[in-house]
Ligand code: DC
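A lone chain, given as structure tokens: the form predicted on its own.
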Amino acid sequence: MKAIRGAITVDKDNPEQIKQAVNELLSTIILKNSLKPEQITCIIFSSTYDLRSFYPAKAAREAGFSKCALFSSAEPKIKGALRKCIRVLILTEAIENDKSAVNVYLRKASVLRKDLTQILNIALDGPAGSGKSTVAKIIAEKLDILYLDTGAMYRACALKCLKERIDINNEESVNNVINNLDLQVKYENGVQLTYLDGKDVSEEIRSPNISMQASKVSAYCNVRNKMVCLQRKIAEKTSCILDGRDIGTNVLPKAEFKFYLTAAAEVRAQRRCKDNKERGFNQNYEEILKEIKKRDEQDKNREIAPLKQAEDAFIIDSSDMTVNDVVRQIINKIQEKI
């Protein structure tokens, strides 16, 4: 059984406004969840103390929801609570277990769930191997927002240079390639795919060699400007979480939620070693540790947008934490605000 929640407000306590609001709320929930009225098992309403002229359950029945159980209750007067508000809880078995219910908050009730009704941008920064991507993907799924893998975009830039046999240390040559870069970010079945020249390179860009080259390419001003412009356009239109090294300081400096995730270099090397083996890349621990320390130096000391903790970011040292511990701490911090 899936539960769908929603709320709506009215301007005045009169039957017509309540009927109209209930119809709008239920119709929107049905549309967004691809339901039919007959697929609803039960509808439970609660209305604030200042709505007494008409029962929302009766309004639902008049709107055609007569085959399911209907219930209305009145909320007590609570200081500071949203006024003239109707809340609803819908129970249905029509939504498959692997799909999330779409909750709906309309009119002034949108303030009750800012995470659903406003653009939500989360910046997650930190050094290589700190677990940013893993954590970001889980948070995106739990909050039902997009995960924008910014690192994949720079990796694609590096891959293009290697395919064109460009000296990656020559900024002018790299800029010439980037100026004509055909890079697209697509979302298919909730997963970000990176397309380079029309080809899906999502797996190809994950090799250790590309990782090191991406760090060099991303230090160039022209490359960063092009990628940052694309990232900002996506974030302006869509609730999303971005992970990288300068998201909170440069890409989305006005993001409401900023986190800096770090861990000891040795711990990060162990994690990267495990991840690489799972992807079929064989590297020993000492080699990976050396690369991580080298990349830390590159990222911290590059002239353009270096790795840096935003002043208003919440710091999390994950050296002795599990992935679930980190996710739980970040979501708790977000929920404290919304």
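Since the model is a prediction, treat every value here as computed from it, not as a measurement. All residue numbers are counted from 1 along the displayed sequence.
The discussion below concerns the form predicted in complex with the named molecule, not included here.
Participant: Of the options Arg302, Lys58, Arg271, Lys308, which one has a non-hydrogen atom that comes within 4.5 Å of the named molecule in the predicted bound form?
Facilitator: That would be Arg302.
Participant: Though the named molecule is not shown, can you say which of Arg245, Lys258, Arg87, Lys84 has a heavy atom within 4.5 Å of it in the predicted bound form?
Facilitator: If I apply the 4.5 Å criterion carefully, the residue I get is Arg245.
Participant: Where, among 104 to 112, 72 to 80, 171 to 179, 207 to 215, do residues come within 4.5 Å of the named molecule in the predicted bound form by heavy atom distance?
Facilitator: After filtering at 4.5 Å, what remains is 207 to 215.
Participant: Should Thr194 be classed as touching the named molecule in the predicted bound form when contacts are defined as heavy atoms within 4.5 Å?
Facilitator: No, Thr194 sits far enough from the named molecule in the predicted bound form that none of its heavy atoms falls within 4.5 Å.
Participant: Can you check whether Gly131 is within 4.5 Å of the named molecule in the predicted bound form, heavy atom basis?
Facilitator: No.
Participant: So in the predicted bound form, does any heavy atom of Asn121 sit within 4.5 Å of the named molecule?
Facilitator: Answer no; every heavy atom of Asn121 is more than 4.5 Å from the named molecule in the predicted bound form.
Participant: Quick one: is Thr150 in contact with the named molecule in the predicted bound form, heavy atoms, 4.5 Å cut-off?
Facilitator: Thr150 belongs to the contact set for the named molecule.
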